[in-house]
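Take a look at this single chain, the form predicted on its own, given in structure tokens.
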Amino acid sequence: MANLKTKLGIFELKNPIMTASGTFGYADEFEDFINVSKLGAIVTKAISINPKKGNTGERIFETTAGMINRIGLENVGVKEFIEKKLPVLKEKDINFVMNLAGSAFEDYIEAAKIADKNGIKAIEVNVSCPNVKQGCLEFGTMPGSLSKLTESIRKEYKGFLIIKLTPNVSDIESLALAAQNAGADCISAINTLKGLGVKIEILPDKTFKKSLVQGGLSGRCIKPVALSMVKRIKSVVKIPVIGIGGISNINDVLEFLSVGADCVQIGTENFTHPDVCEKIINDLDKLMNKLNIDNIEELKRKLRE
């Protein structure tokens, strides 16, 4: 058996395969499909200080090789997460990262304090969601604001701090550096791209009916953008990078590792193939054994030669 263990600084994973926030619930929803405890880690749905109902109206739009979502960070809120979801994750020995989202600066700080108080090993700070009216994306597009937010969270949280970046900027390098220099332990990238779904229907009276869904584009179609941004981020930072965007098979994982990702998160593919993460872990183990590669660090070295 190959050694798939992956270290991201102080945060250790059984393997480099994680799930992306918003695509895997709180983990127990997928227990009928896979052995969740086998994953490197799951990233929870974004957790806000207060419960959120999310956006109204149509919230999902399928596109060619992807989807647009405007869920709006619907979640149970931090109090219910700590009281009801956290005990289940601990009882079932599921390695996890708590994703945090806020509408105001103070929301993030308070959530970070709660995470620290409850001994949560790792948090991922969502500063990059394009389908909420305020917060998130506002903090993730300006290096100064991101630096201030990261530094403030770092003062309150002692665990492993991941900053999740948006691709909806021209200079992602400056944002990655701002996060690193302000105390982030890791960068995850990318979140969804801004997209618009349009549906045209021809009605019986020969008129048209148009519906629009503006939100975050994800899925296989964004992989080239994600690969480019991960490579750009890795060229300027020294901290670990988690690659996200369009991953659906073992070859995609190898591509991300080859351009600098230290591990990956799988998102949209979970909706259509809920067993995809476990399948990729098995495929990775088989491949490394076939190639006589002993561990993940050796695999990354060979891919980057």
Partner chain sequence: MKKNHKGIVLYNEKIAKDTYKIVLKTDMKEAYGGQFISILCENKTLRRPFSIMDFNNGEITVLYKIKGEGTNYIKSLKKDDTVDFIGAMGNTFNYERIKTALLIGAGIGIAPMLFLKKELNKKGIKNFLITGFKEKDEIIEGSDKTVIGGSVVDYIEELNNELKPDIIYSCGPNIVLKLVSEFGIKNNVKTEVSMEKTMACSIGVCRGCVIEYKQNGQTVNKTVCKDGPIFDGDKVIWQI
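Since the model is a prediction, treat every value here as computed from it, not as a measurement. Residue numbers count along the first chain shown, from 1.
Another form exists, predicted in complex with the partner chain; not displayed. Remarks below refer to it.
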Test of understanding: in the model of the complex, would Gly260 fall inside 4.5 Å of the partner chain by heavy atoms? no
Under a 4.5 Å heavy atom criterion, is Lys53 part of the interface with the partner chain in the model of the complex? yes
Interface membership of Glu151, the partner chain in the model of the complex, 4.5 Å heavy atom rule: no
Are any of the heavy atoms in Asn251 no more than 4.5 Å from a heavy atom of the partner chain in the model of the complex? no
Please determine whether each residue of Phe30, Ile60 and Ala65 possesses a non-hydrogen atom within 4.5 angstroms of the partner chain in the model of the complex. yes
Could you check which residue among Val169, Ile71, Leu89, Ile114 gets a heavy atom within 4.5 Å of the partner chain in the model of the complex? Ile71
Within 5 to 43, the residues having any heavy atom within 4.5 Å of the partner chain in the model of the complex are Gly22, Thr23, Phe24, Gly25, Glu29, Phe30, Glu31, Asp32, Phe33, Ile34, Asn35
